[in-house]
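Just one chain follows, in the form predicted on its own, and it is written as structure tokens.
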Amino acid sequence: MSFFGPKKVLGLDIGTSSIKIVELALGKQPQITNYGVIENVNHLTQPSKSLQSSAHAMGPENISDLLKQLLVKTGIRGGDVYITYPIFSSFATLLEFPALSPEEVERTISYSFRQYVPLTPEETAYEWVEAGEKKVTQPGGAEGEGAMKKLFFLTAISKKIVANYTTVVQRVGLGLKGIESETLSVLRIIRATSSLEGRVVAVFDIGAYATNIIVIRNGYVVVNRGLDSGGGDITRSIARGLGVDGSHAEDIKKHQGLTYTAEQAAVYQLVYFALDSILEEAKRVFGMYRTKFDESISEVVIVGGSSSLKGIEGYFSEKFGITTTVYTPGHYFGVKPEGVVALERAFPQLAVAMGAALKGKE
């Protein structure tokens, strides 16, 4: 701690339709001292106007302008920032190796890099983290006596994309301290605010045009799958089905969501069909996990902007048959009483940015 109080850092999450920023004071108990969200409203009427997506590359100039507005809105004047990149612009895979030292793991990954990533190590910024271990199964289904393999989660992104993010933060006068996959930021915030020993948690980060499905086993990421579907698809489904514009459809989505009544049956069905692709992909992910680890996912946690969809917890619980909750960090952050209500509503949407900022403690 300095003479001027705890060090402050920023976490920045650039999504498909919004930018989220969190300022943390990194004392003994991290405290949220400022935060903000700015929406790109153009995407409601023109999906091609999303900030970035698997089909639409990020435009540094446009995002810098929005980020500058967000900094003015929050009163954040500068500082060191940790930023995340989305799953759809990166590569992620789970690797299995025998017991190796960190140096041996690095050499092995570097030597066989093109097996995992369709770019060379020189073209990418990559990171690997430990992901626990699993028992080795011998031919015929028998487990090898005492045989274990170490698991490692590898993420990689083109350095050209990293350069775009660097340009964004430099244009607004922030100092880039680190960049990582949004998956690792989600893992960090879940680890910091929950006890994960013995738990298998599927985290759904549902944005406007993309969903990131992350399976965390005993505190490690072991499955990561992204899909091009999210809350924006629900908005478009309502707009088409009811013949209303995007802004009106967004309001209907937020206020009615998955609440079923005779009067709202049409909206319920439109939301239901829009969520179907996420549910089907999730079932495939759950099945893949069960095949690989011979155990089932025990709970679901939802983060992201679409976590505010009314009734989504009960809907997911019903479809998966397991407990589903919207993320909350509990009492981990020191929050002043007057800010508790507003932050409780914002926490799920800020999860990635909070996790990124916590990298400043490492």
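Residue numbers here begin at 1 and follow the sequence given. Since the model is a prediction, treat every value here as computed from it, not as a measurement.
The same protein also exists as the form predicted together with a small molecule; that form is not shown, yet it is the one meant from here on.
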Would Val169 count as a contact of the small molecule in the predicted bound form, using a 4.5 angstroms cut-off between non-hydrogen atoms? no
Contact label in the predicted bound form: Arg188 to the small molecule, heavy atom within 4.5 Å: no
In the predicted bound form, Tyr209 touching the small molecule (heavy atom, 4.5 Å): yes
Contact flag, Arg290 vs the small molecule in the predicted bound form, heavy atom cut 4.5 Å: no
Ok, Ser308, Thr328, Thr33, Thr324: which has a heavy atom sitting within 4.5 Å of the small molecule in the predicted bound form? Ser308
One stretch from 126-134, 228-236, 106-114, 279-287 that, in the predicted bound form, holds residues within 4.5 Å of the small molecule by heavy atom: 228-236
